[in-house]
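Take a look at this single chain in structure tokens; it is the form predicted alone.
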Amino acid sequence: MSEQSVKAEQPAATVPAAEGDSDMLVRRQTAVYVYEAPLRLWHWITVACITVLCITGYFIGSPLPTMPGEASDNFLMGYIRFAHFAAGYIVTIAFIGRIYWAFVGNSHARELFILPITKKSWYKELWHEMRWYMFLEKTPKKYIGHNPMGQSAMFVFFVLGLTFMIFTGFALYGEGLGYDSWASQMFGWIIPLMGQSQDVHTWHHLGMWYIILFIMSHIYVAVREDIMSRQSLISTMVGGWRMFKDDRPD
């Protein structure tokens, strides 16, 4: 059991067993405050921004048919690009704020950026969680923060993926603003590093699908764990409290 796993704690509430249970067992429910308000706010801002970025990014990569009439009367792609750029700015600022909160927030705020790869017990629990997700384990372990599988997925798919998208996105944005723009000066080196502008476009577009695959998996796992696991996930990112729904030993 890792240090993040729940130790024996005083139950916050005790609920009588359902009628018909001859042994009148009780189910204890323990609440632990995990995610602070700035972290939760960042999460939902990022959800909104990535939704806008994926939708607008798809249409930028696969533009709509040419609109009839004068160009001055049809600015649909212009609005789409504006929404994409605006969401890109917001998600970048929010991500910088998230990095800052990793330093000043509680210990769970740092889990997104640091994998405890030097601990042998972490690999053992990672394997257990992999088996749990593959329906090869009957019960999961209890974790106050991210479990090892979730922590790994968030780092590889989200932290590294979003960083890649921010860098390549601002490189392309700087190309449009011009060589003397701040974006080109800060991120323009990425274009020759990756070959040429079209190569960056291609990788940036593929990165969008990389993020979409992560989102699909993330939603599935969150819903699955809320139903099958012994701890809350979705409600934790809303209110900050993680609920442990029974007192069975791990």
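Heads up: residue numbers just count along the shown sequence, starting at 1. Bear in mind the structure is a predicted one, so any value in this text is a computation, not a measurement.
From this point on, the text means the form predicted together with a small molecule, which you will not see here.
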Discussion item. Is V47 part of the interface with the small molecule in the predicted bound form - any heavy atom within 4.5 Å?
Written reply: yes
Worksheet item: Just to confirm, G195 within 4.5 Å of the small molecule in the predicted bound form by heavy atoms?
Response: no
Worksheet item: in the predicted bound form, does I219 have a heavy atom within 4.5 Å of the small molecule?
Response: yes
Fill in: Contact flag, S152 vs the small molecule in the predicted bound form, heavy atom cut 4.5 Å
no
Worksheet item: So, I96, K142 and F244: all three within 4.5 Å of the small molecule in the predicted bound form by heavy atoms, or not?
Response: no
